[in-house]
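Only one chain is included here, represented as structure tokens and corresponding to the form predicted alone.
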């Protein structure tokens, strides 16, 4: 039996211990552990890597602390527009959605796209229409409302500024206090199949229907049994231009690098040269896990069948 493992992230950026209350820190740790536990339970019962990553992300999407699903940030128009992607490393099938509204769990819709649409990527109204056709659970706008996200948006809605995720500070600190609130999961099941998935509410005050790296296969999300499964979090534009997730796979496939070395090369070397702040989680088909970031912190967690269970926030 193959070693099985799961890793998750809940965003990266300027996450400093001195800015965190003890209560908030415990809430993040609890939320991360619940997501790890949900995905691991699927693997432990012999379930697939795809179902494991979906289970973990549903937990994170339902948690107001994370910028995905229920906790998604406000756009320029004062709405939530969500993106998500999932990929199965066994056969390279994938599903993505972008600019969707009122979908309780975007990762479930991305999975339906992968399995039942004959397409890879659906966006906007068409994606929402498909959600209705497939019976995906919808919620009213009020479900996605949280006061601190609203207050954050109110600070900058009359400007051309945008915020890369939640901050409790004034507008003058928004760009200094960067947190990229994407959530993601990668898993290797006991059959050696791997999968990756990512979900996000994007940037606060984003305009023009902006889409980041999260739903883009190869940029923010990728999985291939021959190499790795990757989920990224960070300032999406550099990750898109770097094709960051697929680049890790290429370094493993064509240069023979290990998961850890390939991720280090992309996150700590390539992205740094492009001012690409953030990080990624990865797993290979042997169940090895790596979690690497070049920012001050990354909400993260992992568990494997060897008995390791780790939750982290800061750069320690």
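Bear in mind the structure is a predicted one, so any value in this text is a computation, not a measurement. Numbering follows the first chain given and starts at 1.
Below, we refer to the form predicted together with aspartic acid, which is not included among the displayed structures.
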*Can you say which of 232 to 240, 138 to 146, 122 to 130, 97 to 105 gets within 4.5 Å of aspartic acid in the predicted complex, counting heavy atoms only?*
232 to 240
_Taking any heavy atom pair closer than or equal to 4.5 Å as contact, tell me whether residue 203 reaches aspartic acid in the predicted complex._
yes
_Partner contact for residue 212 in the predicted complex: aspartic acid, 4.5 angstroms, heavy atom_ = yes
*Exercise: residue 89 in contact with aspartic acid in the predicted complex, heavy atom 4.5 Å*: no
*asked:* With the partner left out here, check for me: in the predicted complex, does some heavy atom of residue 221 sit within 4.5 Å of aspartic acid?
replied: no
